[in-house]
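Below you'll find only one chain, the form predicted alone, shown as structure tokens.
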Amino acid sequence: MATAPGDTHRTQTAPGGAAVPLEPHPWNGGFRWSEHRGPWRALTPAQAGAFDRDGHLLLEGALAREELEELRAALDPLVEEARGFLRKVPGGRLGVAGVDTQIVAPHLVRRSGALRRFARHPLLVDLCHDLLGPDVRLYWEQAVVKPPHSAEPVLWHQDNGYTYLEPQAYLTCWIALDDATPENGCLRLLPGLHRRGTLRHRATPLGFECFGDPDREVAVPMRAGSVAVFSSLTPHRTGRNRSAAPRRAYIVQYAPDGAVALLGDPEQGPPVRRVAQADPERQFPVLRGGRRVPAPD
């Protein structure tokens, strides 16, 4: 895969002093980013061009106040259940989730009709049409809440660095349920690196980490009801919540129909399994042949 001039030897120093080089994931062979050509439903040609260039877009005020209130009402009790579960775990932490770091509540569409309907929101589905194609499934969704004065950040990573999907490029819609600010841990992204495909990640006590460059990062403060749209290949992180109030977000991800997860240890060799991402309970179709798939009655 081609390397941009000046990037070959750039590294960051990770916790503990280890150098994290900018290099492709071992399973990423010859990735090429595909430009988006339209026709457009949600985006303008300029917005689509910016997404191709930068790997992200911000849609301010995308949700109406009533929609935002309904979304919060559906999510808040499920997040509290997740918080209660974490309190019972020794040390209050499980993977990247923790009572004192961030509450993570995944796969909520299995339990909420309101969230199953929201996953088919016309704006989100039209974004899928514009940026993924005519046949798309919900891939993953989760609520994430940073409690006040949270203890740890989320490290630089690509979403495809956790579970490696083919095709590598899927779509993340990061929905602010509260105003997201630099003080309370808003998104920070590295534009342009999505065009390289999946980067090599290293495991840390705070989750997976890939290359990060503070000189190139872009902070994305957002008002509640706004949606940050970015590629699964866009490196991003969030800081600690240093404020006295929680910072809530709902993350909804979509992948082309037919996407498969590659399983195995990339440092030991090729994938050992390929798993279709088509669980009907939580990975249901939202677009089929370019047509929106309505929620069941």
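Computed from a predicted model, the values in this text were never measured in an experiment. Sequential numbering from 1, following the sequence displayed.
Same protein, other form: the form predicted together with a small molecule, not shown, and the subject of what follows.
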query: Per-stretch contact check against the small molecule in the predicted bound form, the hit in 83-91, 119-127, 195-203, 153-161 (non-hydrogen atom, 4.5 angstroms); finding: 153-161
query: Residue (of Ser226, Ser112, Thr181, Gln142) lying close to the small molecule in the predicted bound form, criterion heavy atoms within 4.5 Å; finding: Gln142
query: Close approach of Ala42 to the small molecule in the predicted bound form, 4.5 Å, heavy atom; finding: no
query: Phe211 within 4.5 Å of the small molecule in the predicted bound form, heavy atoms; finding: no
query: Any non-hydrogen atom of Ile251 within 4.5 angstroms of the small molecule in the predicted bound form; finding: yes
query: His56, heavy atom within 4.5 angstroms of the small molecule in the predicted bound form; finding: no
